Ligand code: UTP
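The data below hold one chain only, encoded as structure tokens and taken in the form predicted alone.
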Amino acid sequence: MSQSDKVGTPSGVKRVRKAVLPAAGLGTRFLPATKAQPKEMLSVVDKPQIQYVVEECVASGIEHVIIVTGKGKNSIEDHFDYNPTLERFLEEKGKKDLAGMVRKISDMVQVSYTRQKEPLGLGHAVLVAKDLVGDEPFAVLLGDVLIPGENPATKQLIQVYQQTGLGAIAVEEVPKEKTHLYGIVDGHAAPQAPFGERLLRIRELVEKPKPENAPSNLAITGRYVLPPEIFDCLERTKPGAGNEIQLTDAMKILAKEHGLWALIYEGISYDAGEKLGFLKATVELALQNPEFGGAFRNYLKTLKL
């Protein structure tokens, strides 16, 4: 039996404590809004995108968030840092609830930063975090993919890893005619409680296949839990188009040599990295807002569409 065929609950599986958030991209799809600010800091309703993702980390039990930044990303560091001047101003104005909210952002998790000096792909961004991650499993969350909900997708993947000792990636069904927009999973069902048939063993990963060539309609969603062996796979991954190192290519090696799961996660994702997805996220999260969601819903009903 090969290592990739082994299943069950292995002994000595390390806890997933760290998460890597690649945030070094230039955000060109949102120009001119991103000319002087990071796309990760674009607000959806009342919070920057990256805060939603960090909050998902915290809700999943992550203790240490590693943000991979690049040139012009200082506002991300400022957002998660203390701002005593602002806190003091709010307290003096009697706005202690707002002061507490600002402080909570800085206190919610340990955050470290490392720099990707050149935009050499998602795989390279993850590899840049190698020294901070060390020899332990970790999560990867794309900062422009929002998956709100009480049962975070990252937490679901961590449960798969803790039960099996193998890495896992989140996937969701997409229309067959849109497979050319996504990385697509080729896998076979390998049911295990409590995941059932939502858990698949990955055979292959295909980047943006034409609909007629797609092995399935299960698309990679932007949430990963990976073992430290992924770094060796990344170091052996040859650069592709644009001299970029792709995480998908490294995960192909990982799947063959160590095994890799795909989990059809429970939840809904929003691709806030493109304009239509950003608008959908804004509208749907606004509708869920306890403060003004009802009033916003009533407003939308008045629109003549």
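For clarity, a rigid core is taken as the largest C-alpha set superposing within 1.5 Å between two forms. The first residue of the sequence shown is number 1, and the count goes up from there. These numbers were taken from a predicted model, which means no experiment stands behind them.
Form predicted in complex with the ligand: not shown, discussed below.
Comment: 35-43 is the region of 253-261, 275-283, 57-65, 35-43 lying near the ligand in the predicted bound form, near meaning a non-hydrogen atom within 4.5 Å. The putative spot formed by Arg29, Gln116 and Ala125 is fully lined by the ligand in the predicted bound form; each residue has a non-hydrogen atom within 4.5 angstroms of it. The shortest heavy atom separation between Leu120 and the ligand in the predicted bound form is within 4.5 Å. Contact check for Val16: every heavy atom lies farther than 4.5 Å from the ligand in the predicted bound form. At the 4.5 Å threshold, heavy atoms of Gly167 stay clear of the ligand in the predicted bound form, well away from it.
In the predicted bound form, the ligand lies farther than 4.5 Å from every heavy atom of Leu157. Comment: the ligand is not present in this chain, but in the predicted bound form one of Val171, Leu205, Val133, Leu142 has a heavy atom within 4.5 Å of it, namely Leu142. Once both forms are fitted on their core, the CA shift for Leu276 between the shown form and the other one remains under 2 Å.
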